[in-house]
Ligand SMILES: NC(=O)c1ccc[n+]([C@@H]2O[C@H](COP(=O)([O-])OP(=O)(O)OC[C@H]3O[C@@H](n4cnc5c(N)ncnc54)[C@H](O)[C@@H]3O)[C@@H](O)[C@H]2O)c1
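One chain follows as structure tokens, the form predicted on its own.
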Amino acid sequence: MGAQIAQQAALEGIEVRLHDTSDEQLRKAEDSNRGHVRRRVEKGRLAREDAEAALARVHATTDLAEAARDADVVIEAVFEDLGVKRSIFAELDHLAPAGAVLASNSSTIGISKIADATSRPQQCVNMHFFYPVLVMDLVEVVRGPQTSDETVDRAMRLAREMGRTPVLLNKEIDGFIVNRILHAATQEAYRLLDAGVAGFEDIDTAVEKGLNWPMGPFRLGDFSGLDVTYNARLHMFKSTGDERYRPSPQLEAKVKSGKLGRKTGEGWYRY
């Protein structure tokens, strides 16, 4: 996510520093982005010189101080662990310029749970991009209780400058907009499966052909990673206590058996 967020900004003329603690991960990120950008050149959608310029605008570093030193906006895109995110925001609070906005790409953790790790909660906001960032147009900008109007405006403006369409949530809710609606639909699909009403392939077909989704809920789960799907549902269940959000037993079984979808070669389908 972080690599593609950086490259999307660079494609629109924005200078970016991409940080990771691992040189190997940064090399993988650069190789992946280079492949995505060069395919656009091969398809005639991007001039070669523009592609090279966009790749050159992403400056990779394992030094967080160097990455944040003169940033206008910092976007954190680590895995969904509240403790890790709070630790990073606390460090960024000391490293980034006083006027910098600190944004989280989290899809499940509202900024109010992170912002008080800093001395600038009014400059903290969620900017939730969608995977794959180089394809998906939407950014959910979520205002926390202390987020200032100026910070919201800066986040919305940056999303547009990155060539993306932002929507604003004026109140934090679990799942934000898209995942909340998607969660409701996919939970119903899992209930149908668990009740033996239909098999997962037929449910996917019904949704793809009847609702015109590009992928049914089970195919989409495999694409995103069933562990990601499971953890998001578990988070919502634990945070609300609402039985409607309890993860499907069959989904849990897949995750515990290591069948996580495309990335492991098998989930609901085999790859």
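Counting begins at 1, following the sequence as shown. Owing to the predicted nature of the structure, the values given are computational and were not obtained by experimental measurement.
The same protein also exists as the form predicted together with the named molecule; that form is not shown, yet it is the one meant from here on.
Distance check, residue 107 to the named molecule in the predicted complex, heavy atom within 4.5 Å: Residue 107 belongs to the contact set for the named molecule.
Heavy atom of residue 137 within 4.5 Å of the named molecule in the predicted complex: Residue 137 lies outside the contact set for the named molecule.
- prompt: Does the 4.5 Å heavy atom contact test between residue 19 and the named molecule in the predicted complex come out positive?
  reply: Answer yes; at least one heavy atom of residue 19 falls within 4.5 Å of the named molecule in the predicted complex.
- prompt: Applying a 4.5 Å heavy atom distance criterion, does residue 184 contact the named molecule in the predicted complex?
  reply: Result no; residue 184 lies far from the named molecule in the predicted complex.
task: Within 4.5 Å of the named molecule in the predicted complex, counting heavy atoms only, one of 158 to 166, 85 to 93, 188 to 196, 142 to 150 shows up; tell me which.
output: Partner-contacting stretch among the options: 85 to 93.
task: Let me know which residues along 72 to 96 have a heavy atom within 4.5 Å of the named molecule in the predicted complex, or say none if there are none.
output: Heavy-atom contacts to the named molecule in the predicted complex: 77, 78, 79, 80, 84, 85, 88.
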